[in-house]
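Take a look at this single chain, the form predicted on its own, given in structure tokens.
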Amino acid sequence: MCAMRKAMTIAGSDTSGGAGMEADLKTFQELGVYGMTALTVIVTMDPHNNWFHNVYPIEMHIIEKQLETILDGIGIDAMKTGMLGSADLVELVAKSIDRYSLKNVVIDPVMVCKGIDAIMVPDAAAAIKKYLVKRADVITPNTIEAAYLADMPKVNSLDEIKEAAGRIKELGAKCVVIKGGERMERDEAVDVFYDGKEFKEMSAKKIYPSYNHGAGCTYSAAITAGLANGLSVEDAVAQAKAFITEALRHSFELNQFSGCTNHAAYKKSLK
């Protein structure tokens, strides 16, 4: 009998299937990890109003029961966070990490939506900065989120990414991965990994055309799966970079409003 490693995601549900816990669970499965989820919100899209997103939060006591099911009832080898819509929920996550002495904690500080550069829920963002950064084995902000966490006006260049990574490391995160992505004005998508000792640049040529809905969730989920499987942080991040690159290379149009990364592409590329 083969015992699978187990991972938990504390995240929202993207009804369209491209991001959130749907992306997380698909990624876990592709990388050979048994996935479980504590659902925080349900997000729907309005096909009659330009795919407008509606967010429906899950009641706190229900989230607590989900965490109890997973952490008291089963146990995990790694975990990640996704959309945390309130300061109270962020504090609950922090308390759960401490109570269960959770290891391999990946914090994806979801503070902005695709195409929007403003912080969605300021109170939750402030709580993530206060409570979760210092509990992160790996934190994976994009450049907008990195600027917020590092108290910088902007993070656009490679030098600014490295400065932000250093500042976030000083807040207590063990390792920082800042996703340069498409916001950087260069031909390559450059991510920077920093463990407090050295900066490692990971680059891949930008893929056009590609659909990147759910890319951030998928990337952090792939890191989580790697850690659950016993990889070092650096190796887990490298595998995740390869995973998301293939997922973007083989992304596809979902409808006239959106398209998604292809979570099955990485495994196929290895054959």
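Keep in mind it's a predicted model, so treat the numbers as computed, not measured. When you see a residue number, it is the position in the sequence shown, counting from 1.
The discussion below concerns the form predicted together with a small molecule, not included here.
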Based on heavy atom distances of at most 4.5 Å to the small molecule in the model of the complex, which listed stretch, 239-247, 29-37, 65-73, 212-220, is the contact stretch? 212-220
Scan 207, 231, 43, 58 and let me know which has any heavy atom within 4.5 Å of the small molecule in the model of the complex. 43
Would you please decide whether residue 189 lies within 4.5 angstroms of the small molecule in the model of the complex, comparing each non-hydrogen atom pair? no
Taking heavy atoms and a 4.5 Å cut-off, does residue 262 contact the small molecule in the model of the complex? no
Classify residue 83 as contacting or not contacting the small molecule in the model of the complex by the rule of any non-hydrogen atom within 4.5 angstroms, answering yes or no. yes
If we define contact as a non-hydrogen atom of the residue within 4.5 angstroms of the partner, is residue 176 a contact of the small molecule in the model of the complex? no
